[in-house]
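In structure tokens, the next block holds one chain alone, the form predicted alone.
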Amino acid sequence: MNELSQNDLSKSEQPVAALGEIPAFGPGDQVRILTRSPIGHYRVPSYLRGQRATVLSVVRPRAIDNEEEGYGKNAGWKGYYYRIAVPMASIWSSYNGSSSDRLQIDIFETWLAGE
């Protein structure tokens, strides 16, 4: 008996990914770091909140949101971290370096919105 591969299935017969299983952003996507001020210790530096950035890569595999985990709020839910690049000149208005200089940081998906 022959086994079917995913290539043998029509598009309507393909498995459907669960919510959060596929990254929301990909390399080259433009994102904005959300501006929030939750009470407690959070890992997104305040000077980056509200900045626009470019997604460089998706950090795999999915991981637990360590901010929520630190407060005992995570029930095992996992999401993606994204390595993003923020132009240095947009962070510091008096920055004198190259206009192509970027700050790179990994940020959990709950802090990012699409542009």
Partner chain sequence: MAHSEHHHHSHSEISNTSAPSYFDVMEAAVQELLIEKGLIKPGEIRRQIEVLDSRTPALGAKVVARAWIDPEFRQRLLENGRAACEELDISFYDDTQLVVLENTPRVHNLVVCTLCSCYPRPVLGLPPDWYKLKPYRARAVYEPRAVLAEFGTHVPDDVEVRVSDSTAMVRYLVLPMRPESTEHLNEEQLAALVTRDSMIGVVPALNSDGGV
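Residue numbers count along the first chain shown, from 1. Treat the numbers as computed from the prediction; the structure is a model and nothing was measured.
Here the subject shifts to the form predicted in complex with its partner chain, a form of this protein not shown in this document.
J.: Heavy atoms within 4.5 Å of its partner chain in the predicted bound form: does residue 104 have any?
T.: Taking the distances in the predicted bound form, the answer for residue 104 is yes, it comes within 4.5 Å of its partner chain.
J.: With a 4.5 Å heavy atom cut-off, would you call residue 61 a contact of its partner chain in the predicted bound form?
T.: Residue 61: yes, in contact with its partner chain in the predicted bound form.
J.: Spell out, yes or no, whether the shortest heavy atom distance between residue 80 and its partner chain in the predicted bound form is within 4.5 Å.
T.: Close contact is absent here: in the predicted bound form, residue 80 is far from its partner chain, nothing within 4.5 Å, heavy atoms only.
J.: Indicate whether residue 47 is a 4.5 Å heavy atom neighbour of its partner chain in the predicted bound form.
T.: Yes.
J.: Can you pick the one in 52, 36, 43, 73 that has a heavy atom within 4.5 Å of its partner chain in the predicted bound form?
T.: Checked against the cut-off, the match is 43.
J.: At 4.5 Å, heavy atom to heavy atom, what parts of 89 to 110 sit next to its partner chain in the predicted bound form? List them in sequence order, or say none.
T.: Residues within 4.5 Å: 92, 94, 95, 96, 97, 98, 100, 101, 102, 103, 104, 105, 106.
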